[in-house]
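In the structure tokens that follow, the same protein chain appears in two forms, which are kept apart as structure 1 and structure 2.
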Structure 1
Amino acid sequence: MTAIIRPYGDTAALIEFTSDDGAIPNAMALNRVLRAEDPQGIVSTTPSYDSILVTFDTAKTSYSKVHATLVALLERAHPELNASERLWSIPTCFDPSFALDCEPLQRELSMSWDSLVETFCQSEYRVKAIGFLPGFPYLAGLADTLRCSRMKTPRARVPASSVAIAGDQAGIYPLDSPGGWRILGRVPIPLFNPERQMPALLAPNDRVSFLPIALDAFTELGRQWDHGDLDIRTWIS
């Protein structure tokens, strides 16, 4: 596992991994070991795309000790072999009633709506991180032809389960929230439920593809979900 460890202010260390597909599983592996070992003086760990920020209490430890601990743990941190093998095929409705940015995107990208949706659904995406809302997946893999600007003035409310793009990424809003990403459509189930054993539907390093469905199919899947009749395990391969 190749990583660079450096100070990040007076009370933190930043561990940066090579920025390829191995960065995420390596970061997750180190984060898992850090949580299991709980070294003295470590206050928190915050994993990201290709790095982990480790904060520490200077009254209980020092940067040199934290550095030595991280070097030792890097030797023992190994990605789980089956940690990133889930491929989701998520039904998604791109009906105009859900596609809040249909017209602006067609103008900016100089594409018809059908071509835009087809291009979006042809790609396979990788969950790079979860944030800024609980369960919000940052998805890498957006086609270059779909790279677009964010809204200059964010919406006060983006409906939960909205599928969106911005810059070179895609995402799915798990909750009603403000947001400035461009909205393409909607998935028929919630992505985040605090009552589930795993509240977030998606996890870092999952792969995701979007399956376009009509409005009536979307409505039926939502009805099945509300009645507990929808088995989303069939969406995973």
Structure 2
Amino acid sequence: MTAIIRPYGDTAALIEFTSDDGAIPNAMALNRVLRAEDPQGIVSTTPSYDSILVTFDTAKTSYSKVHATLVALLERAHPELNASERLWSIPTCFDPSFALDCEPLQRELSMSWDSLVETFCQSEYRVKAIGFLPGFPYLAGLADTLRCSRMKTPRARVPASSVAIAGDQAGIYPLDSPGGWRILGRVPIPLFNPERQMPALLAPNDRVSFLPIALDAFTELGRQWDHGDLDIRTWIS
């Protein structure tokens, strides 16, 4: 795999993958080994699409040692292992009361709401990065027929747990926030919950699919979550 490793300030290295089609899987594979190995002196790893930012503690290591470690780990980063990452099946309600862009999306994509939802739920998505907000997953894998524009003027407030699409990506808003992506549904639980030990539901490289549910099932799952009765591990296969 083709990777460029270079310093980025005095406490970080940036690894960028350059091959056209394999760049993102290669980056994800390296991230996987990096997190498993947890090399001495490395403080954080921030994967995002075709790059990984690695920061280090200069009291414990140096740029040249980190560089050597990364070169060694690249040998062991096999993209085919990405296929074994956990697969989430996330119950999602596409009721028009949550789908704030129900009407404009049908117009722009010339599709009925039912076929739009069906197309959206047929794809398997992959978390390429988490950012913008804590726990916001950038999901690749959107069907070409669902590519759509962002709003010209972003909404001042997108409700937390809204499922959204823009361009060729999908995402889920973890918190109420301003946002310009097109909203098509809602997840019954928070994507980011500061009370949990690992507060973000999703992690980079996770596989994600959406399972359509009706409004009453949405309400029931939300109630179970509030009472601590919902075991979301059952959403993973």
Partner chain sequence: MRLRFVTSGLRTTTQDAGRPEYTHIGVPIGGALDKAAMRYANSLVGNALQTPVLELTMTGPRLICESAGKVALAGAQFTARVNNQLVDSRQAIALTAGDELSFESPTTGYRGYLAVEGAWQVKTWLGSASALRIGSYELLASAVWRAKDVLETRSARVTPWPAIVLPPTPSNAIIRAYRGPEYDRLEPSAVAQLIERPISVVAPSNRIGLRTNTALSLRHSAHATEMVSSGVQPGTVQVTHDGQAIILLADAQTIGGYPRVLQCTSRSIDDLAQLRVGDQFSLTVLDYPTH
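Please read all numbers here as calculations on a predicted model, not as lab measurements. For numbering, take structure 1's sequence and count from 1. Take the two forms, find the largest set of C-alpha atoms that superpose within 1.5 Å, and that set is the rigid core.
>> Can you tell me whether structure 1 or structure 2 is the form predicted alone?
In response: It is the first structure that is the form predicted alone.
> Quick one: once the rigid core is lined up, does L73 have its C-alpha move by 2 Å or more between the two structures?
Replying inline: Yes, the C-alpha position differs by at least 2 Å between the two structures.
> With the core lined up, does the C-alpha of L221 move 2 Å or more between the two structures?
Replying inline: After core superposition, the C-alpha of L221 moves less than 2 Å between the two structures.
> Aligning on the rigid core, what is the distance the CA of A36 moves between the two structures, in angstrom?
Replying inline: So the C-alpha of A36 has moved 10.9 Å between the two structures.
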